[in-house]
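The form predicted on its own is given below as one chain in structure tokens.
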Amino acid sequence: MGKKVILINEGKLSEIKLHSIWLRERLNGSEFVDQNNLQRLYEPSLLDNNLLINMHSVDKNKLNVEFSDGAKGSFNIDDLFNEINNIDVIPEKKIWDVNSHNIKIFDNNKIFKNNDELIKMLKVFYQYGYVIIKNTKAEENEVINFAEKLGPVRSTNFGKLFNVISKPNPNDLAYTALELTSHSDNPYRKPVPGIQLLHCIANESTGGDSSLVDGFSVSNFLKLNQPEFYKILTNTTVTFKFTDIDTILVDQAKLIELDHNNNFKQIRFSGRLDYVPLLDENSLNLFYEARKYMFKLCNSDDFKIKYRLSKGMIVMFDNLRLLHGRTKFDPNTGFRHLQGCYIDHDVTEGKLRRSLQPN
């Protein structure tokens, strides 16, 4: 009689119990999954709940298993270990040290000709939340051409492509010459666009310098230094709202959202668009004090890196992690024209995983 659960005591899987069905549904031979897409050729919910493990052995880095329903196969122990421990090829976030931080710049002439350079760019993007690409064509639609080399572009009510220029009667303050303090884009969407790309076609006016702030670093600072502020900012749901003549978009979320392990997941910060619920007086007083403090952090030189987009540059940043802004500019001193688009994290994560996966 076999065992439903086996205890593995080999290398990385020291003292790990593996359930029979958990293992059985990870068999990846051609009789179990389609070899083109690795989708199962059977319904795992129909497996026998009393499925047993008849035999198992370990040979170097392979776990060989035979099940009571006749299925058998081998598992890579490293792969099992990585899955059990949620180890991913996507790099972990790194806290910014603005004083020693070097702007992350890559050459458009290299990243799509050299897979190692593409991998490096995507890894840096996930570590720091942004990259800047130089040597792109300073032409309209170039940002779409660049983005689509990574994957599909996400359209919004602003279109597949949007033009950041000063114009009359805009439906967003981005399309003015005003200063924009550090903010998230589109916090009112379901879901918020994950990644933004901005391409500089011209930046000849006085002013119009750009900035980025790491919301992950700000959140970590609040957690360590202002726990009361951190608590109310991560527990209070506010409403974000966008209105123009064509649409009204609304979503509700925290300014700092945590994941199921209470780790930083997302920042939504835009004082032009948020509406705080009518809490009791003490809670509102604390929230407004915390938001003001957070605003100061997000617009201070302690957390902000400043740069100027030159003609032919693209900045690609994680809109769920980073805040961005710009200084006021004077359209009378020269033309300033950026074009932008959005892609989802599926695009960059999928590209990085595929680039690291052997063919």
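For every residue, the number given is its place in the sequence shown, counted from 1. From a predicted model like this one, the values you see are computed outputs, not experimental measurements.
Another form, the form predicted in complex with N-oxalylglycine, is not on view; read the next lines as being about it.
Of the candidates 127, 108, 220, 196, 196 is the one whose heavy atoms come within 4.5 Å of N-oxalylglycine in the predicted bound form; the others do not. The partner is absent here; in the predicted bound form, the one residue of 71, 284, 164, 118 having a heavy atom within 4.5 Å of N-oxalylglycine is 164. Residue contact with N-oxalylglycine in the predicted bound form: residue 24 places no heavy atom within 4.5 Å of it. In the predicted bound form, N-oxalylglycine lies within 4.5 Å of some heavy atom of residue 180. Contact annotation: residue 338 falls within 4.5 Å of N-oxalylglycine in the predicted bound form, judged by heavy atom distances. By the criterion of a heavy atom within 4.5 Å, residue 324 is counted among the residues contacting N-oxalylglycine in the predicted bound form. Listed stretches are 181 to 189, 242 to 250, 119 to 127, 255 to 263; the contact stretch with N-oxalylglycine in the predicted bound form is 181 to 189, by a heavy atom cutoff of 4.5 Å.
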